[in-house]
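Considered here are two forms of the same protein chain, supplied as C-alpha cells in two stand-alone entries, structure 1 and structure 2.
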Structure 1
C-alpha cells in the first residue's frame, strides 16, 4: 500500500533524527503534526510508529519504509543536481516533490543511472538499495563519467555536466554532444577518444564532465 506524502515525510524525518542524530523520540511539535492528524493515524494503523501524548518514535516495522523514503529523497536531490543541474534552492524544492513520485522500479533505475551514489549533495549517506548491492557483483552503471571508463570502451555521450559555460562551449565546439558515439583510446596521462574519424584529447577535469552510456 502506498503511503500518503505527509506520512512519508514523517517517516523520513523520524529516521534521520533517530538513526543519524541519535534521538530516541521526536516531539510532535517538531514534526509539525499532532496525534489526531491523518498521517499519524495512518502510520499508527500500520504499526510503523509509536506515539505518546507529545512525541513519536519509529517501530521496527517502520524502519525499512522510513529508510526507503530517505533514500528516495537523497536520490532525487542527486538527480536534480547531477542531471538537471539545478542550484541548491531549486534542488530542495523539486526533490521534495519528485521523491513522492519515485517507485521502487524507477528508484533503482535512477540509482543505476547516477552510478549508485553513496552520498547526497549535502554529503549525507544515501542508504543502499538492492540495485547497489547487486551492482557490486555484476552490473555496470548505465551512465559513467568518461574519467571512470577503461580504454577500449565504446558508447554514446549521455550528457555534459559542468557549471563552467566556457568549458561547456569548448566541449560542444569539439563536437562532443549528447548522442554522438565515442571510443576511449587512452586514459593516461590524458584521455584520448575517437569521435567519428577524429581523435580528441582532454585532461581529467574535462573528462569528468563527459558522461557516456557504455555499449550503447
Structure 2
C-alpha cells in the first residue's frame, strides 16, 4: 500500500531528527501536525510511529519505510542538481514534489544512473539502497566518480564529495570545482586529467571524491 505524501514527509522528518540529529522524540508541533490528523492516524495504524500526547517517535516497523523516504528525497535532489542543472531554490521545490513519485524500481535506476551517490547536494548522506549494496553497475552512469572513468573521457565536474575538509580544500585550491571541464588522460599509475590549460595528477583517493558528468 502507498503512503500519503504527508505521511511520507512526517516519516522523513522523524528519521532525520532521530537518526541524524540524535533526538529521541519530536514534538507534534514541530512536525506541524496533531494527533488527530489523518497522516498521523495512517502511520499509527501501520504501527510505524508511537505517539504520546504531544510528541512522536519512530517504531522499528517504520524505520525502513522512513529511511527509504529520505533516500528518495535526497536522490531527487541529486537528480535536480546534476542532471536537470537546477539551482538550489528550484531544486528544493521540485525535489519535494518528485520524491513522492519515485517508486522503488525507478528509484533504483535513478540511483544507478547517478552513480550511486553518497550524499545529497547539501552533503548529507544518502542512505544506501539495495542497488548500491549490490553495486551492480549495469546501467550507464550519468554521474560517475573520476576513479571509475575511462581514459579519454571528457566532462564537467558535477560535485566534490568528501567528509575530509582538508581534502576538499586541496581539491579546490587546484581549481577542481563544480562546473569546470576536465578530460581524463591517464588512469594508471595515477590519474592525470586536463583542467583548463594545465594537467593535474591525483591519486585514487583524491580521484574517488571527484564526481563528473562524462560527455557534457
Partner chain sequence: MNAKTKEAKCNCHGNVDEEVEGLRKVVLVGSPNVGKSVIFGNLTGKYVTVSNYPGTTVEVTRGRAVIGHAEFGVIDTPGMYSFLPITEEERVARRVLMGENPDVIVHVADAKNIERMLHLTLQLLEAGLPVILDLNLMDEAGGLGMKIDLDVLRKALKIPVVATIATEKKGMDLLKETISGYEKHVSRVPLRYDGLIESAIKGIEEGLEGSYGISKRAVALLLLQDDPEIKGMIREREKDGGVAVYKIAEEAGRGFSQPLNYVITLARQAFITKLVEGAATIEISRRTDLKERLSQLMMHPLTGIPFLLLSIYALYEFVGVFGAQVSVDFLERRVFGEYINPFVTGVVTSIIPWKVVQDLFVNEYGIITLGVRYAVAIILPVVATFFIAFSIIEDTGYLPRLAMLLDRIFKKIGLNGRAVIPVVLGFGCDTMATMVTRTLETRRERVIATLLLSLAIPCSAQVGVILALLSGNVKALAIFIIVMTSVFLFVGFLSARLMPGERPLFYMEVPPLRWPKLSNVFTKTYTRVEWYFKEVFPLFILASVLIWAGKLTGLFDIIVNVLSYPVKWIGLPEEAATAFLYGFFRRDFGAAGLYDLKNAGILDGIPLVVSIITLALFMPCIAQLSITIKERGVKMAVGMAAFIFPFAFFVGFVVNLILNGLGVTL
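Just so we're on the same page, rigid core means the largest C-alpha set that superposes within 1.5 Å between forms. Since the model is a prediction, treat every value here as computed from it, not as a measurement. Positions refer to the first chain, counted from 1.
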Problem - Selected structure - criterion: the form predicted together with its partner chain - result: 2
Problem - Cα displacement of residue 27 between the two structures reaching 2 Å, rigid core superposed - result: no
Practice task
Using a superposition on the rigid core, decide whether the Cα position of residue 18 changes by 2 angstroms or more between the two structures.
Solution key: no
Problem - residue 7 C-alpha moves between the two structures by 2 Å or more, core aligned - result: no
Fill in the blank from the handout: Core-superposed C-alpha displacement of residue 156 between the two structures, in angstrom, equals 15.4
Exercise for the section: Mind pulling the C-alpha shift for residue 188 between the two structures, with the rigid core superposed, in Å? Expected result: 7.4
